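Next up is one chain by itself, shown in structure tokens, the form predicted on its own.
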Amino acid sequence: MIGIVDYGMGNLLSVYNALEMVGADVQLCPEPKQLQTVERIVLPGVGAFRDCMVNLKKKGFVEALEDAVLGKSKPILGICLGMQAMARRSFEGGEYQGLGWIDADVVRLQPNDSLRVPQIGWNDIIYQLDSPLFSSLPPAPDFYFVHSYYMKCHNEINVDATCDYGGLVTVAIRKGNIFATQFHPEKSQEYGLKILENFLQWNP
């Protein structure tokens, strides 16, 4: 059973449907206690970092996520804002503290050419060849992005994939049982579904 954290931010239906397409048994989790009974967790997110953290705290998900992910080592997939929430802090509209699972800051995209911010659309990525989450994908697969900020990691060992968007941008991280993508696998067609399928089979 995979639980999708329903904290009021995120395109839950498309994530739910994509997971079902790859054979997952999926449950929406609007209550923190539901994370106790699922085997894997997806933390989606669309919107502002500050609102994300406010909602997670207000609904009691911070403690529940820490217990499930850090305490019980359940595999988790963060998507877009869900990835950014795992960082130590964000500088979106001020300075705000994140979950602190990854030694990283969330900073604004600053492409060094005429590329627009936010990045909206498809982009090729380069991934670590030994990553189990990108297994069976071709070199430089493309994924769908919608974001103005990204995670700048202080420990390169946590970086699982990058893309070039007027400069090097971290687009996937992995640390122990924690995996997250800046792109949207649920909107990335065949390659995105393969990421979700790999997550189902992942045993960190």
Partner chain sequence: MLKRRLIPKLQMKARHIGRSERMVLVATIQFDEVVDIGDPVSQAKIYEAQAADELIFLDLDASLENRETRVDVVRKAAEEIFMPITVGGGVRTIADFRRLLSNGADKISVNTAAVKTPDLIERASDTFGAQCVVLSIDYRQAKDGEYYVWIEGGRVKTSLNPVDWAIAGERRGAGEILLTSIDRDGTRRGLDLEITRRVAENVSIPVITSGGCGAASHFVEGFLAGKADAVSAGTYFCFKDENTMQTRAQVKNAGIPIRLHR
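Bear in mind the structure is a predicted one, so any value in this text is a computation, not a measurement. Residue numbers count along the first chain shown, from 1.
Keep in mind that the form predicted together with the partner chain is missing from the display, and what follows is about it.
- The contact with the partner chain in the predicted bound form, taken as any heavy atom within 4.5 Å, belongs to P118 out of G93, P118, G100, P132.
- Here the chain stands by itself, but in the predicted bound form one stretch of 167-175, 30-38, 139-147, 56-64, 139-147, has heavy atoms within 4.5 Å of the partner chain.
- At the 4.5 Å threshold, heavy atoms of A18 reach the partner chain in the predicted bound form.
- In the predicted bound form, at least one heavy atom of L193 sits within 4.5 Å of the partner chain.
- In the predicted bound form, the partner chain sits within 4.5 Å of a heavy atom of V46.
- Residues of 168-204 placing a heavy atom within 4.5 Å of the partner chain in the predicted bound form, in sequence order: E186, K187, S188, Q189, E190, Y191, L193.
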